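Only one chain is shown below, in structure tokens, and it's the form predicted alone.
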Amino acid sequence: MKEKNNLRKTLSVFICVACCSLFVSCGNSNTGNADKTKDNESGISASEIDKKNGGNNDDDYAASRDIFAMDTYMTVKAYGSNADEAVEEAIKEIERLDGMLSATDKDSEIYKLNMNQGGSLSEDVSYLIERSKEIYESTEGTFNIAIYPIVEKWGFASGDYNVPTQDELNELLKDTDFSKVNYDKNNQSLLYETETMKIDLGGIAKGYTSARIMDIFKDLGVTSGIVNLGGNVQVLGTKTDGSDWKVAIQDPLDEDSYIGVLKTHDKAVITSGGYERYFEKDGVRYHHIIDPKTGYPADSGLISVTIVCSDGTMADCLSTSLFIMGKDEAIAYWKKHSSEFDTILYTENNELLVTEGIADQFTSELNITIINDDK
């Protein structure tokens, strides 16, 4: 049985600072002190420039750090006089949320909720349950955090991959109705209706984490920064020269290539695709994005979906949801919510579709079909 878990995930970030370009890859981990990256044509580090200038109060001063968390490599980068503190606080927040939201860590809040069929919720988890419920209803059940028992059965939680029988899936589907996870907003608590129900916030956690990091940056006076949480990218402001950030959307058929580049600012850019994590058995590939209606990996005709949105939490949920929906339903959903997000859809027939709100900011060597909001 072949398996693949692509920790590089779905996006690479092209950051152009001063006269040179920096390619931020999540393939190199550095969990030491925040490092000062080389952001000038001569190759002198930002820290060396700072010493020559007598302090680190230059807006071009950069601090960055890599960390492995939430089963992926992450990069956090901030600019300005408070960049070091902002990056360190961001790393602390990643570690805090990772310990809280994991479905497999026995010390996490989610694991304990699943073992006890509910319980009291922290502020963070209460917020995420509420947002998950909103998206669940908005997508008519396509985004469903209660699908976790089926994810476990396929082996995507443990790495012990397995192809369930139809009878096994039919039985498990009975306990994946999110409406049966009773959320009490006033008391911030959950109660599962059956003992076998479990939830997993993996489809929303990274988006929420990137949004929290943006809050930390703003609180500390950072006006230019970027986070790449295993491909879940969110940017604050513009680059220090005032130009937009450039985010390259990975080619789902070739992890070393990309299908296009998006110029953006103050946005989350989050992509989902079946190529991120999968295994093969008897010549059939099974990926990790499960359709909650069938219990099988989604087979929608889409191989990559990118969401561009100011709300990282929403972008994370919708990238998965639209991938499951397929082209026609995804377009119909966008037209109902076009004021909230934009999207880039890539089909198994190599059709590249981009919504009109970002059409002028996205470039590709492929033919692009623009989706207009003609409602």
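Because the structure is a prediction, the values reported are computed rather than measured. Numbering starts at 1 and follows the sequence shown.
Same protein, other form: the form predicted in complex with a small molecule, not shown, and the subject of what follows.
In summary, among the residues 209, 228, 271, 176, the only one with a non-hydrogen atom within 4.5 Å of the small molecule in the predicted complex is 271. A heavy atom within 4.5 Å of the small molecule in the predicted complex is found for exactly one of 75, 224, 142, 250: 142. Although the partner is absent here, residue 128 lies well away from the small molecule in the predicted complex, with no heavy atom inside 4.5 Å. When the small molecule is considered in the predicted complex, residue 232 lines it closely, a heavy atom lying within 4.5 Å. Shown alone here, residue 153 lies farther than 4.5 Å from the small molecule in the predicted complex, counting heavy atoms only. For the chain shown alone, residue 289 is a contact residue for the small molecule in the predicted complex, at least one non-hydrogen atom being within 4.5 angstroms. The stretch that touches the small molecule in the predicted complex, counting heavy atoms within 4.5 Å, is 194-202, out of 88-96, 250-258, 194-202, 105-113.
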